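Just the one chain here, laid out as structure tokens, in the form predicted on its own.
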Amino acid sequence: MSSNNPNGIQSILVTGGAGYVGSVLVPELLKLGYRVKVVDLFWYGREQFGDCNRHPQLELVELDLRDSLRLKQELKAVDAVIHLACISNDPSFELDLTLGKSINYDAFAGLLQGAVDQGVRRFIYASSSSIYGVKEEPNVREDAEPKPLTDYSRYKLDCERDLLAHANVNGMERIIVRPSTVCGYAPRLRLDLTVNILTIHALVNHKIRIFGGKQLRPNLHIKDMARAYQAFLEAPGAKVDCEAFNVGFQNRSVEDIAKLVRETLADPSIELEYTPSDDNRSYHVNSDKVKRVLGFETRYTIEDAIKNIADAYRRDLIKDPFTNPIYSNIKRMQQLRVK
């Protein structure tokens, strides 16, 4: 089976493809007929893809992104790259700033040059809406001035700029994706993300601790995140080359998300406990551009994500949510003592 991609893209290399988003995205790409090569260190295991783990068009490559020579070899005969791999949130990044910089920024140059040298046709970079920092305006669009507050978001922005400024890309199309905070159940689940952690606290403890509460958070269901990457693979190059796209849906305050969890679980006994927070990141992201340019619209809600998590928990698919390091990037990194 081959893909019906209108751009002729058949083979995709997904960095970090065994992570949270990749564990949903990769099986969907296989269903669409793509050949998929996952490049990952597999900190969270190798069985994320269920029945697809033995799919004839899936190749799993254990490789450190910082090994640019070997990475270049793996890019041979690849049509498109979806670059998801990174130390993927502020606490994890700050656990080891040198490690974070080496993976999130320093390795990017080798990946980009390798893709150019091997004739990759399309490069899709997973940046972050956190590059906007604190914004007062009601709708943060792609042309808003970035004001990253952390090293994690600064290096995301630096990679964006390096991608667009590269002197000779050999005709490779470059797309920047700025996702909102992703939520919902996935085979490689993260419970260190706002909607997911508030939901699991409500289910296990019948109490939700709200840090701050007034900060606005843009949210995106993980199934819509996977659908968005599919749309970027299929989009006409003239519409997406050298463009940045916000991809998000519901902008809600942390307090509102907590109340939504309680309402969706239909359990008024769930207690809300407020705690001060020094996390001032707050922004209301506008995603009209991706709808206008590509016709992409989200299908899933925060409520769907809450129900997904609750269903998985009740089916005993989430083992020891507060003690198992597999659900938390920073805990897993500490356990593995990664360098």
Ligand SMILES: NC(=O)c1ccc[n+]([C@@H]2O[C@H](COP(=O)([O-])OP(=O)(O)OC[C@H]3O[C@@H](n4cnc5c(N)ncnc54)[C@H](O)[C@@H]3O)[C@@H](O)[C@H]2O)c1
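Just count from 1 along the sequence shown to find any residue number. A quick note: this is a predicted structure, and the numbers were derived from the prediction, not measured.
Below: the form predicted together with the ligand, not depicted.
Considering the ligand in the predicted complex, the lone stretch of 294-302, 36-44, 50-58, 268-276 in range is 36-44 [heavy atom distance within 4.5 Å]. Here is the short version: of 227, 188, 154, 252, the single residue with a heavy atom within 4.5 Å of the ligand in the predicted complex is 188. In the predicted complex, residue 18 approaches the ligand with a heavy atom inside 4.5 Å.
Shown alone here, residue 182 lies within 4.5 Å of the ligand in the predicted complex, counting heavy atoms only. Within 4.5 Å of some heavy atom of the ligand in the predicted complex lies at least one heavy atom of residue 84.
Although the partner is absent from this view, residue 66 contacts the ligand in the predicted complex, with a non-hydrogen atom inside 4.5 angstroms. Taking the ligand as it sits in the predicted complex, the stretch 124-153 comes within 4.5 angstroms of it through a non-hydrogen atom at 126, 127, 128, 152.
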